[in-house]
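Have a look below at one chain only, the form predicted on its own, in structure tokens format.
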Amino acid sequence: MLILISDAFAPDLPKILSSYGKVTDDMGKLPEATVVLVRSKTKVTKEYIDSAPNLKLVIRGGVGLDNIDLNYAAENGITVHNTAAASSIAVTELAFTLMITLPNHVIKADSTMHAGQWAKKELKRTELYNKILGIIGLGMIGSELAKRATAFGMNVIAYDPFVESSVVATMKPDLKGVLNNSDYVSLHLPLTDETTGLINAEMLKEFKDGAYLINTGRGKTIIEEDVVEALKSGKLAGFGNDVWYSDPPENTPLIDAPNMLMLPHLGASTKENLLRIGDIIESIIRDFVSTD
């Protein structure tokens, strides 16, 4: 059995998986591969699958599966797994980092100090304490974020059409019920037909004036141009973004937007998370081999 590692994983993963078959990162070996490991960079399209006649198992190191043609994979008898449980802590901590950094003007404070300026009077902070956090998508990551927000004394509300009740957040029956009331809105959505472009000009009107938006879910759940206009008008006080239309982004209008904090898709990029991903991948392959 050939295991193809198509994207970046923990450096010791090839050695760990070598007991299950030959391991390679040579993309020229795709036609021979039985198992392919991908993250967000590799797109497992129809053409990709057609180039891999021996492929039986695709494992996505991470949460989202929008880079994999799930229907065509199923038609070709290919099983697809992700490692959703591994990334929850890493992405949660990054989302919370953005929530802390924006209202405390950490980047501006640091850059002005390096420039020899003393901007104490210009940089006015606000606290997270007693603010309302609205979480859109209360899965594993959203739930972990809710726990941390509660520890900071925030009030947490959430909307998720697949979650009726929660011990970590007060559920709202619709999206507007969250947006109308939240000082911070954090997006934790998969990319589907329903969520693509969800945060657009009309939906931004439902936000509280001066709210902060955080996105560590999927880039295309927002309309970038509409978010830029909301930042320019002050409708949004700030936007922290880790996810993009493409990695890296091409010609994004967010580059020049005010009160914008941009990260290069770092959500799952912790040492600990890569180790957890490796453990889950080994478990999936072990089960695959035992039932093959």
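In this text, all values refer to a predicted model and were calculated from it rather than measured experimentally. From 1 onward, residues are counted along the sequence shown.
Beyond what is shown, the protein has a form predicted in complex with ligand NAD; the following relates to that form.
The chain is drawn here without ligand NAD; in the predicted complex, the stretch among 176 to 184, 129 to 137, 116 to 124, 200 to 208 whose residues come within 4.5 Å of it by any heavy atom is 129 to 137. Each of 190, 195 and 242 places at least one heavy atom within 4.5 Å of ligand NAD in the predicted complex.
With the partner omitted here, the residue from 141, 102, 157, 214 that has a non-hydrogen atom within 4.5 angstroms of ligand NAD in the predicted complex is 141.
The partner is absent here, but in the predicted complex a heavy atom of 91, alone among 222, 169, 149, 91, sits within 4.5 Å of ligand NAD.
Contact between residue 63 and ligand NAD in the predicted complex is found at the 4.5 Å heavy atom cutoff. In the predicted complex, ligand NAD stays beyond 4.5 Å of every heavy atom belonging to residue 56. The shortest heavy atom separation between residue 235 and ligand NAD in the predicted complex exceeds 4.5 Å.
Within 4.5 Å of any heavy atom of ligand NAD in the predicted complex lies no heavy atom of residue 274.
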